[in-house]
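First, one chain by itself in structure tokens, the form predicted on its own.
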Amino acid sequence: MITLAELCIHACAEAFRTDREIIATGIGPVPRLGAGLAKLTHSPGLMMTDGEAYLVEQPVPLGPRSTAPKAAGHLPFSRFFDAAVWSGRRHAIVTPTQIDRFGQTNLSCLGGDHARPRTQMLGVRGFPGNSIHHRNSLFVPAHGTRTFVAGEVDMVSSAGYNPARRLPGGHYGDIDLHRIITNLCVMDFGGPDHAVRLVSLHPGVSVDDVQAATGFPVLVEGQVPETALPDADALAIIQSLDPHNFRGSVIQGNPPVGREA
């Protein structure tokens, strides 16, 4: 039995696919497991951190473990920007609170104006710098119109492809939004003018399901394929990296693939 979380982990791993030597940063259990799966299968050049101060060549399993991870180098927060962020040698998969049709994201606040929001969240964190220096993808465990909003996000925390936000003479060539992985589908920004485009549908999900759960039109080109499933080897790697099944709590109910997400 393949669960929806495992399907999303496999899709995140495909998003990380590369022949470059870059740092893969997966924020949250599913993207992090996706980075580890990519490293141990098709993208051996990926590097990761232990989440504290060290660079590691082998993925660190989630949760309690009997041995400490083997470090490949010292990479404290103060050095991470020069080593990975500013140089573009990083691909991060993150989970924002809101996403709009231009790929702008919000992690800061909801409702009202910025000085007096209805809900205060984390602030923009590292999103502004990350969004203009290296590749970014998005993971959304609950695809709905509260996340994929009509209009613009309440507070722009990271740059996207919105032409109204671009200043004359500005350099925007390093903005690289790659994939959006959700509990319903995989999307990208491959449409005209970087429009959000449907790449694949998870088993049991229709185009109408995706559009009904999205606050803006999603481009559909031809017959949309089904999202690829992880094979037995991939499932074994996922289990080895998550022996305590943290992945099972990310998506509500974590149903078997094929049932309604």
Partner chain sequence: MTAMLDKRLSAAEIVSRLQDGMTIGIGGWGPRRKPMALVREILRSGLKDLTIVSYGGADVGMLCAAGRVKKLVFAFVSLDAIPLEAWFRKVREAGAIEVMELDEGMLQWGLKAAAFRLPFLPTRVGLGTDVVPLAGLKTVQSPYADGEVLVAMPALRLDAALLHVNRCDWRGNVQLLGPDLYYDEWFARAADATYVSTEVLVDRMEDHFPGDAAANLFERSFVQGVAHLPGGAHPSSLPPLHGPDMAWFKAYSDAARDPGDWAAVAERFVGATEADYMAGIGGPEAVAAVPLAIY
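Just so you know, these numbers come straight off a predicted model, no measurement behind them. Residue numbers count along the first chain shown, from 1.
If you look for the form predicted together with its partner chain, you will not find it shown, but the lines that follow are about it.
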Q. Just one of G73, G129, G191, G144 has a heavy atom within 4.5 Å of its partner chain in the predicted complex. Which one?
A. G129
Q. Quick one: does G51 come within 4.5 Å of its partner chain in the predicted complex, counting heavy atoms only?
A. yes
Q.
Just checking whether P225 would be counted as a contact of its partner chain in the predicted complex - the rule being heavy atoms within 4.5 angstroms.
A. no
Q: Verify the contact flag for D154: yes if a non-hydrogen atom of it lies within 4.5 Å of a non-hydrogen atom of its partner chain in the predicted complex, no if not.
A: yes
Q: Answer yes if any heavy atom of H133 is within 4.5 Å of a heavy atom of its partner chain in the predicted complex; otherwise answer no.
A: yes
Q: Name the stretch, out of 231-239, 198-206, 52-60, 211-219, where some heavy atom lies within 4.5 Å of its partner chain in the predicted complex.
A: 52-60
Q. Even though the chain is shown alone, can you say which residues of 112-146 have a heavy atom within 4.5 Å of its partner chain in the predicted complex?
A. H114, A115, R116, P117, R118, T119, Q120, M121, L122, G123, V124, R125, G126, F127, P128, G129, I132, H133
